[in-house]
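Starting off, we have a lone chain in the form predicted alone, written out as structure tokens.
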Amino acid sequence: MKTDPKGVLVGSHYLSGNHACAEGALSAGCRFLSVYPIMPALEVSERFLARAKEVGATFIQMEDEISTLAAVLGASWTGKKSMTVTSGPGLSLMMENLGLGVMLETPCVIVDIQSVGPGLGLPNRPSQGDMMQARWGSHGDYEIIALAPSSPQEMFDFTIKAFNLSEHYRVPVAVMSDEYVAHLKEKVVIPPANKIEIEPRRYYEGPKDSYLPFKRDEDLVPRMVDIGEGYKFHVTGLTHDDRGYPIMNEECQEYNVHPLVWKIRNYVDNIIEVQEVHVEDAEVIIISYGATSRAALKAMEQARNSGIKVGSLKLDTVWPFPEKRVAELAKKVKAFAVPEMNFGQIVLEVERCSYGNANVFFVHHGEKGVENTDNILSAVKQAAQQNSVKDGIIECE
């Protein structure tokens, strides 16, 4: 393997999605990985562990997923860029500490390699069944950022992007992959370190005795320090003031929690990224994310070759949802087709944001193979034939 003087991989490599994720984390500066082993995410941990000594990173296996995310939060507050990787059952157990991470405004990355559930399900088969859990799984009011890679290259790129977003907005960021992308092997190009944009941690620079861990900058994001460096302060999951001390009243709740929402919502145009193809003249647009985007793009080209004007809207950022763009497109097209490897999750957001202006077709995808286009193409043809807007989501086999 070709590495730079700091042990970080560079050049062109044939990697699985899981290995690309580990390399992306290392390139982003992640030096702490806490896990509880679970399929189909094991290879991320194995790769990180194998490379940890070369780059001076720490790997720890905890007794369960609850303590795993707690360790990630603690490591982040000591100055380490920190990550965990799991699958659906583990993500469920992490939800309480996800809420704590949001309340403590702790930058970190959670990688979810989705597989078929509920329960332990089929850990060797892909799914996209955790998408709503990523957004709404913890309790209370908050915002989250979640990215959806569709290839090993995007596993590398989006893991770096996740760390950058987590540092910029002081929020946990989820990378929502799946078993198919995790085990898919393709060429991954890793640039030299000086060509990779890395968001530095936003540190406080004033007198130590004046530091307030939750005093916000103009963009509502507080500055951090490293615990153990001589600063005296308190952090708590309770409603708190700028010092981090609990204050039990509604006024402080509003003061404390509202910025958790607005520091994301105010900047959605900076956060959300989508990829658009042939949307200018499209009558039908396929909205996809993650592994299903591979089949969606093929189906789009097949449909256009048969004379149907089809476009693609690939969601690189799923949360926050690109509702403004979907609403704009709904006024211009007949319909959206939404393939997902679940029984309908993101399609509900597409319907909500269409405001009755376009039909929404749901495609339960993946049972004939993740990259099979038959059911998407069938839905596109059905959508193109509709002359009026139907009430509610139209399900296609």
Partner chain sequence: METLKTKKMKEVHPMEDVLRMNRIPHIWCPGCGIGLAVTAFAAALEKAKIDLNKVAIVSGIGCTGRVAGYIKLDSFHTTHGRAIAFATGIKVANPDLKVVVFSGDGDLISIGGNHFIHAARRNIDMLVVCVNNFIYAMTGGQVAPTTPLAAYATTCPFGSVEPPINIPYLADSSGAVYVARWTTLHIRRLTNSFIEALDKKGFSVVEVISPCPQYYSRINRLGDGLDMMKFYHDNTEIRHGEDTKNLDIGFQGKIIMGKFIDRERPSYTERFD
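These figures come from a predicted structure and were not determined experimentally. Positions refer to the first chain, counted from 1.
Another form, the form predicted in complex with its partner chain, is not on view; read the next lines as being about it.
Q: So, in the model of the complex, is S306 in contact with its partner chain at a 4.5 angstroms heavy atom limit?
A: No, S306 sits far enough from its partner chain in the model of the complex that none of its heavy atoms falls within 4.5 Å.
Q: Considering only heavy atoms, tell me if L42 and its partner chain come within 4.5 Å of each other in the model of the complex.
A: Flag for L42 set to no.
Q: Should K80 be counted as a contact of its partner chain in the model of the complex, where contact means heavy atoms within 4.5 Å?
A: Judged by the heavy-atom cut-off of 4.5 Å, K80 is in contact with its partner chain in the model of the complex.
Q: Evaluate K331 for contact with its partner chain in the model of the complex, applying a 4.5 angstroms cut-off between non-hydrogen atoms, and reply yes or no.
A: No, no contact at 4.5 Å.
Q: If the cut-off is 4.5 angstroms on heavy atoms, which of these, L238, M132, V277, I198, is the one near its partner chain in the model of the complex?
A: So the residue touching its partner chain in the model of the complex, by this definition, is L238.
Q: Out of R243, R223, H183, K298, which one falls within 4.5 Å of its partner chain in the model of the complex, going by heavy atoms?
A: Contact check passes for R243.
Q: Residues in which of 227-235, 259-267, 280-288, 157-165 have heavy atoms within 4.5 Å of its partner chain in the model of the complex?
A: Stretch with heavy atoms near the partner: 227-235.
Q: Listed by sequence position, which residues of 44-67 have a non-hydrogen atom within 4.5 angstroms of its partner chain in the model of the complex?
A: Going through 44-67 in order - heavy atoms within 4.5 Å of its partner chain in the model of the complex - the hits are K53, A57, T58, F59, I60, Q61, M62, E63, D64, I66, S67.
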